[in-house]
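Next up: a single chain in structure tokens, the form predicted alone.
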Amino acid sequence: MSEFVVSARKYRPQTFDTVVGQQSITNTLKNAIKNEHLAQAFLFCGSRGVGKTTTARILAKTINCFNPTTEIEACDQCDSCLSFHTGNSLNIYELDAASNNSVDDIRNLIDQVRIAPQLGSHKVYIIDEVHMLSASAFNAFLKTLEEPPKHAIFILATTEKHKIIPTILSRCQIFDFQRIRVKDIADHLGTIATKEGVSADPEALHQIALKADGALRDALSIFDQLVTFAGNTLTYKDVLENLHILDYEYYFKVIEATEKEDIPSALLILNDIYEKGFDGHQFVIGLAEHLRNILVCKDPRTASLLETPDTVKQRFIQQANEIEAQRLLRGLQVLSKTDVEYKASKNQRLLIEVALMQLCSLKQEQEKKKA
């Protein structure tokens, strides 16, 4: 039985050009290498799964490569690159500050910094979750970070930049990694699905990307889970069932019922949602998001803000043409109030039912105001 390797490791980017969604940062780093303007301390900030540690490793590998390409990428063939891939490189030192956050850990690192590299031009020290270092460890690190040996480069990575003391920040070049766009994640998943021989619906991949909330690693973990569940054919229905996501079809039906002022239909849809085991609060939040999306589609200029497949976007545009903006705003007010009151309510289902009745009565409310 062959050993299974999770997609997050199997398809981890090995070059700057394969890093997803961080082109401005990778271009800046490539230019710094090309022009020999490398700083001696970098701080990579951003939420989980956006490529901080991956980019740090690629930078470390590239600056020590003996035969970099014209595109400033590592050759992956020289002794330095090969030792990096086998995990035997003595030029790259990784420290997890979450579990090695004491003064002694930093002193051990400082002792190693003094030793020149045996192979290549630089020794690179990657410190992950650097905000977890204790105050005394930060202070012990300051002097070395300010005046490191010429061969030493420090790359600090953190998800919580605000916890890092200003004296450390002032000594680093700071790169803020952005959350990866839904489209970029979906496209990357599509590429991996093709390589793995998995037939995946675009809507299914888009839903995984939405669920990942800007973190590519999370998206790959979800993808692996779903492929295990569904096999080599991944459908939108499989994603909904396995991740227990409420289909957007329900929201379209609820809005159709409210426009027809059909209270019984709206209540029956809510009952169906409850019977399938979905949380009422999530339904309220999802319906509010649905109204927001319709409102966004009222103007072609803002319709591009909608991160949905084109087929779904057309349905949003259709509903946007049928509903007045004033009613949408009033509906958002109703759902926002329901959201705030939900946790304190003794009868949460009734609270949602009343909100749906109010949404079904918005036309009448508007007509009374006009009269």
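Position 1 is the first residue in the sequence shown; the rest follow in order. Bear in mind that the values here come from a model prediction, so they are computed numbers and not experimental data.
What follows is about the form predicted together with a small molecule, which we do not show.
Just one of Leu43, Val50, Leu335, Ala60 comes within 4.5 Å of the small molecule in the predicted bound form, counting any heavy atom, and that one is Val50. For the residues Lys298, Arg171, Arg217, Arg292, the 4.5 Å heavy atom test against the small molecule in the predicted bound form is passed only by Arg217. Remark: Glu129 counts among the residues lining the small molecule in the predicted bound form, judged by a heavy atom distance of 4.5 Å or less. Within this chain, Val20 lines the site of the small molecule in the predicted bound form, having a heavy atom no more than 4.5 Å away. Contact annotation for His206: none of its heavy atoms lies within 4.5 Å of the small molecule in the predicted bound form. At the 4.5 Å threshold, heavy atoms of Lys123 stay clear of the small molecule in the predicted bound form, well away from it. Contact check at 4.5 Å (heavy atoms) against the small molecule in the predicted bound form: all three of Ala8, Pro13 and Thr54 pass. Proximity to the small molecule in the predicted bound form, taken as heavy atoms within 4.5 Å, picks out 217-225 from the listed stretches 250-258, 217-225, 105-113, 162-170.
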